[in-house]
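A single chain comes next, written as structure tokens; it is the form predicted alone.
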């Protein structure tokens, strides 16, 4: 039988990074095995459904590079089927009515067990499993009834999900057995914790896929990083592109231990991916990110500045702070200009009629000026950098001055010299 897996998020908000990680494991497994990856929206609770969340879930999965097979299905569309089957179970004595609701009759003796791909053999004593409400008094089927039935109806062969669902599995196994259907293989993958060993939450930083996208991470970075949260091909390889992940993914190598979300490692990895982009592609990604986040900066100038920052930033979101001086006025800090007035005035004079006005000539002129004033490069160039960029940290100074142009550079040098004087 061909592999068929699914991811079944609830549309109650943005797609959490933990759900995205589980979706990625499902997708990698399906594609590695030549099988199918399905998307189901578990919207049994209609009062909490947000239509925008359904669109956002799909957008986030697409942004990560996860495609699915067949149409998106909605649990809500199968509620009538669930109710009919519940009534059939009542008729067969496998369920019973209780204050307007329907409860499934769990076995009283023995154990419910399964061989979990990640956790090995799991056994639960049946005496500890209470009779489960499968249809509420208002007629709505519960998650633990609808979800396994949909797995049956959809022909799901492997249920790969977070280990917070382990307590649900014996209940769902008994329901599947009651309808005489084939039981899927279960794999409960580890939860994601922060570096403090606690479940990932707002206090750790970004949580939703959309947050990471807005923060300027690349989708290929996120795919690589998320794949390594609980799985590793050999314990050594870190950087793996989409094709390598698909080729090497092995569900049996997923660890049962909680995965730690290391934001510093993510930043490092994103920097690696940014630097590996061809210059034109890096500029394209910058333009897309800037447009998505409300920056209406000239595309031509963004493209020209991109090579100056590609080696310097770890996230696309760092570009405005690092290169914003190209696109707007600056306000140099007085303290950073202290004692720099002579060099600023001399730089103004050296650059006023310099030809050609390019980085090579600019560097030669400013170094010559610093020598004449008896200043070390660091002493000479810091006030110039602060004057023209507004910061002590910037892209290459001489290349930046070339891109800013003579008029803007001289204007900023004169304003800063006056402030420093």
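Numbering follows the first chain given and starts at 1. What you are looking at is a predicted structure, and each value in this text was computed from that prediction instead of being measured.
Absent from the display: the form predicted in complex with the RNA. The rest refers to it.
Although the partner is absent here, residue 124 sits close enough that one of its heavy atoms falls within 4.5 Å of the RNA in the predicted bound form. Heavy atoms of residue 84 never reach within 4.5 Å of the RNA in the predicted bound form, leaving it off the interface. Although the partner is absent here, residue 247 is not a contact residue: none of its heavy atoms lies within 4.5 angstroms of the RNA in the predicted bound form. Shown alone here, residue 103 lies within 4.5 Å of the RNA in the predicted bound form, counting heavy atoms only. Taking the partner from elsewhere, every residue among 10, 199 and 260 has a non-hydrogen atom within 4.5 angstroms of the RNA in the predicted bound form. A single residue from the set 191, 181, 79, 214 has any heavy atom within 4.5 angstroms of the RNA in the predicted bound form; that residue is 191.
This chain lacks the partner; the member of 333, 279, 328, 256 within 4.5 angstroms of the RNA in the predicted bound form by a non-hydrogen atom is 256. Shown alone, this chain has one stretch from 280-288, 215-223, 233-241, 346-354 that lies within 4.5 Å of the RNA in the predicted bound form by heavy atoms: 233-241.
Within 4.5 angstroms of the RNA in the predicted bound form, the stretch 384-402 places a non-hydrogen atom from each of 385, 392, 393, 394, 395, 396, 397, 398, 399, taken in sequence order.
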